[in-house]
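Listed next as structure tokens is one chain, alone, in the form predicted on its own.
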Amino acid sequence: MRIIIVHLLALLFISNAYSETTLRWWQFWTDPAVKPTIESMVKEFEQANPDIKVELTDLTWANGHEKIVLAFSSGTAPDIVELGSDWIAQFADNEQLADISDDIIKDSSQFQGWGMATYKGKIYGFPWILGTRVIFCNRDLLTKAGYDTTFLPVTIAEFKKSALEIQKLGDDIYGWGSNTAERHRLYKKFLPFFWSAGAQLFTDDGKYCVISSTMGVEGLRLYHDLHKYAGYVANQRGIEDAFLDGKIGYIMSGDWLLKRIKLENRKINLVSTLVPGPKYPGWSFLGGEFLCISASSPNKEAAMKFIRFMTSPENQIRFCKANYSANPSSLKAQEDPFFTSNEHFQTFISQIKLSKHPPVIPEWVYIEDIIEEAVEESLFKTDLVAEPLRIARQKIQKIIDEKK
């Protein structure tokens, strides 16, 4: 009997010694060019940590947010979930994300983007891949418009004037690519001009909306005038098609355009530059993808270990090479020759330092809609500038007041 008990205890000890933790990770990178790299990283992590298994689930941008909401509300959320920066406040406010502030103190100076994951003084996500917008120029059209080969618009005045000069070339040539009323996209094009004009959405204490300030009106007027007097109007894909076909002088876009040019072997005399400002380069829009831990996860320590692995400089470089993207959150990764040897990637890395993100508040999804309605009103309906922003201010202020 003693022998049987000893054997049972030995088996129990062995079982506990080799117990395996399963981490469930939901992520959005399903692109065939990127997914194998993601899978390879997961496999390497499992090999280095034989007591941890990672169960990978793919999400789509079409319904991923809905699935995440349902998972959190039903208590079936994964251990780790990839979240867009503008989603973090929603889940943090519902106490569905783990506070990782104490886990990243040593990392804070080595990565960018923490502000987008900070809600009420606590950090709820680890920045992975960031995203911003820069100005792309067709050098051939600038030259035809009378500008020398060294010209780049630094100020808003230079940018507007050169766009109008390109517009004068005629023959189906346009100075600026202007977005149609695309939801979740139009406001990202408008806010860089708004911020670069010196405007802000709220007072510093967040209590009052000031979107309709003199500077805010100035920012929308610039965007409106580019649209009206030099704009080729289409959705984002249509704008990029026309730009790559040589019909547009300037567009604002992300690093996905560089990937498209490479994949399609497009031939265009391309120049990239920072968003212009009143006297110096202005501000662009900042977003990003974050790795977050579910507040209900029983495997938080293992989850953080995996997140550190995926966001390491080496793995960010691998990811960006696979995706041909320019915006790692790791400052060390940005020093890799893959980025430093590419002039367009350098434009994006420089622009990240001159980028702003929307306020991290759960109400942002509603405020975003109001801003887009105001821009649409100005561009496609009334032709006014100040009035749409005044109405937007009233609507946004009501949301803020109801929150108090």
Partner chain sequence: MKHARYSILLPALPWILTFGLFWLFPLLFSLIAGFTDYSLLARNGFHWVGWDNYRELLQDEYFHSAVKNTLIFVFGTVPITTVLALFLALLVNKQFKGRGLFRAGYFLPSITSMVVIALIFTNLYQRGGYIALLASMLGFTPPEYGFLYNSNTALYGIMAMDIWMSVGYYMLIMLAGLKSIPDELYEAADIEGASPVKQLFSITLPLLRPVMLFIIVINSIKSFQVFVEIFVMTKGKFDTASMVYFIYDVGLTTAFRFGYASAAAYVLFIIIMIFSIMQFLLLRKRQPVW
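Numbering follows the first chain given and starts at 1. Everything numeric in this text was worked out from a predicted model, so none of it was measured.
Although not depicted, the form predicted together with its partner chain is the subject of the following passage.
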| query | finding |
| --- | --- |
| Its partner chain in the predicted bound form reached by all of L70, S73 and Y366, non-hydrogen atom within 4.5 Å | yes |
| Interface segment, criterion being heavy atoms within 4.5 Å of its partner chain in the predicted bound form, picked from 179 to 187, 253 to 261, 103 to 111, 144 to 152 | 179 to 187 |
| Its partner chain contact at K228 in the predicted bound form, heavy atom, 4.5 Å | yes |
| D336: touches its partner chain in the predicted bound form, heavy atom cutoff 4.5 angstroms | no |
| Y232, heavy atom within 4.5 angstroms of its partner chain in the predicted bound form | yes |
| Its partner chain contact at H65 in the predicted bound form, heavy atom, 4.5 Å | yes |
| Selected contact from F193, F91, F306, W128, since only one has a non-hydrogen atom within 4.5 angstroms of its partner chain in the predicted bound form | F91 |
| Answer option from Q200, N269, T214, S296, heavy atom within 4.5 Å of its partner chain in the predicted bound form | S296 |
| Stretch 365 to 385 - residues with a heavy atom within 4.5 Å of its partner chain in the predicted bound form | V365, Y366, D369, E372, E376, L379, F380, K381 |
